[in-house]
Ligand code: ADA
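Shown next as structure tokens: one chain only, the form predicted alone.
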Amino acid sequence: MGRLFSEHFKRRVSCLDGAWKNAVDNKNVGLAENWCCGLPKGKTVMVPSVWNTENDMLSYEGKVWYEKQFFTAEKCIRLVFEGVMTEATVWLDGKLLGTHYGGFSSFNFIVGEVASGVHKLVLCVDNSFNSKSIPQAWVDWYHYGGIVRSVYVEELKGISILNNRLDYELNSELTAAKGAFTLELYNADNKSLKTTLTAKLDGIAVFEQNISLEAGQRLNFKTDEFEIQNIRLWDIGSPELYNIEFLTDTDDLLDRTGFRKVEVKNEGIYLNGKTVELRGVNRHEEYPDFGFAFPKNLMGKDLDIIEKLNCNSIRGSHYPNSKEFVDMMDERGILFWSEIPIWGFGFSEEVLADPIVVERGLNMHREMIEQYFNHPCIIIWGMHNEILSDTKPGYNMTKTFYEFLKENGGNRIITYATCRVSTDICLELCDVISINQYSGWYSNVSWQDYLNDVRKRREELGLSDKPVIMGEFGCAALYGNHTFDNISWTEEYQAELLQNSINIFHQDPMVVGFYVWQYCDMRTCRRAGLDRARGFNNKGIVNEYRKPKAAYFAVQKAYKALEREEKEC
């Protein structure tokens, strides 16, 4: 589900997108009045969607209930939710199934002994905030609420395959690999079963074994190691993908992956044994008419626009992007930086030290890895952005996340974005130092002086071997604001600042990548107290409707020159 290809042929899957019943619970009476058994009133809305694009709902934060009826003929089903902002409580036929926190990852519930017929699915969705929220209320994007990604009903039969990941290691010549799958299996029947589990890579069986499970049993199962010869490497602009297929007597699961090797060494980033300069943009998966319920066709349009920039990388700021979008990057050979929504100054020392917040963040990393592990385009896991990384609570959170990602994240670079490099005490807890700095906008310090200070800071900490990525840089410009004078907020000022910044970064051997902030203008939260004209962060090189500013063409020209230079070397 939620992919560019069918994940199942044997398993029957129904998509519940479309019309749902919906009721706002601004007085918080829904639970007491048993709305979980069915909404007594409401209107029809379309799912996926956000409620903050509806009349009189722009600023609403709180609870909204959803109801949908569906039919199933099987006794065991899995309800899959690709994304609900931000906390979801789910009932089926009035029975509580559970809750999930976090709006940018999928979750599911398996329900057995379901009678054949029509059933009622009810959700209470809450996008309100407190001291334990991720993100916090003070955040530089909009607090959309709703069922923002697709919902599915899967009918499970016999021994079913719920999840997979492929761990592999390429040989020194990058021509062959040894790998093993880790699978999550589930017996959906009410009796013990045996089956033959087969794993195929590009149609060739690489593993086969008889499996036995008791009724209702879940099993995390790792296959024996197998070898793959004559590897076709996945690379920038050369996206070689392998089809994965798992089969049991009653079920199947299809996936894709690519083989590539990412390294940080010799003060550089290497992809498949060759140095790579990351030339990218930050991108929010947001559109003013749809919020986070981002239409699939617009994902492709965004990538078309970004590819024409001569980018080779995108940072998903500041949360896991839709699986379809990551699939598209796999197909196009574009690198991706994926992170969780722990953003900035809203996280006080007290919040950073809260064990509930730390565990929520850790679980978001766990879900991100589980759901995106096989994507070859993802070469960076991002832990957080602009937190108080010069404090002990910031250090402790970073250490917890870093150790988890190093152990479980596979062949990826682990980093976080800091805006306080001169006092940051966490720089040892990353593979690459990533910096957000806005010289020429929030700061008048020249880039040369700033980068020299960064170089000295690395030396002080004994981290001179760690390369630097400029994770954010840029300035705001209002679309259509032109003057003959090169002044702030004009398209001319933004274009010149970005082009000069890129050239300076490229000439500094310490800097191995840079991501323009931002790809597109995006709505921001008024509560943040940020000075944002129009209620938007206007640092996009295209506006919110993807109309290009002068900066788009300036960045395009700069990145094209760097790409040409790279090919000539």
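Note that the structure is predicted; figures quoted are calculated from it, not measured. Numbering starts at 1 and runs along the sequence shown.
Here the subject shifts to the form predicted together with this ligand, a form of this protein not shown in this document.
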Which of 216-224, 285-293, 325-333, 433-441 sits within 4.5 Å of this ligand in the model of the complex, heavy atom basis: 433-441
Heavy atom distance at most 4.5 Å to this ligand in the model of the complex, all of S106, R366 and E370: no
Any non-hydrogen atom of T86 within 4.5 angstroms of this ligand in the model of the complex: no
Contact test in the model of the complex: H506 vs this ligand, heavy atoms, 4.5 Å: no
Interface membership of W343, this ligand in the model of the complex, 4.5 Å heavy atom rule: yes
Touches this ligand in the model of the complex: N537 (any heavy atom, 4.5 Å): yes
The unique member of H143, H318, R260, R279 whose heavy atoms fall within 4.5 Å of this ligand in the model of the complex: H318
The unique member of Y66, W35, W51, W517 whose heavy atoms fall within 4.5 Å of this ligand in the model of the complex: W517
Contacts with this ligand in the model of the complex - residues in 445-472 whose heavy atoms fall within 4.5 Å: E472
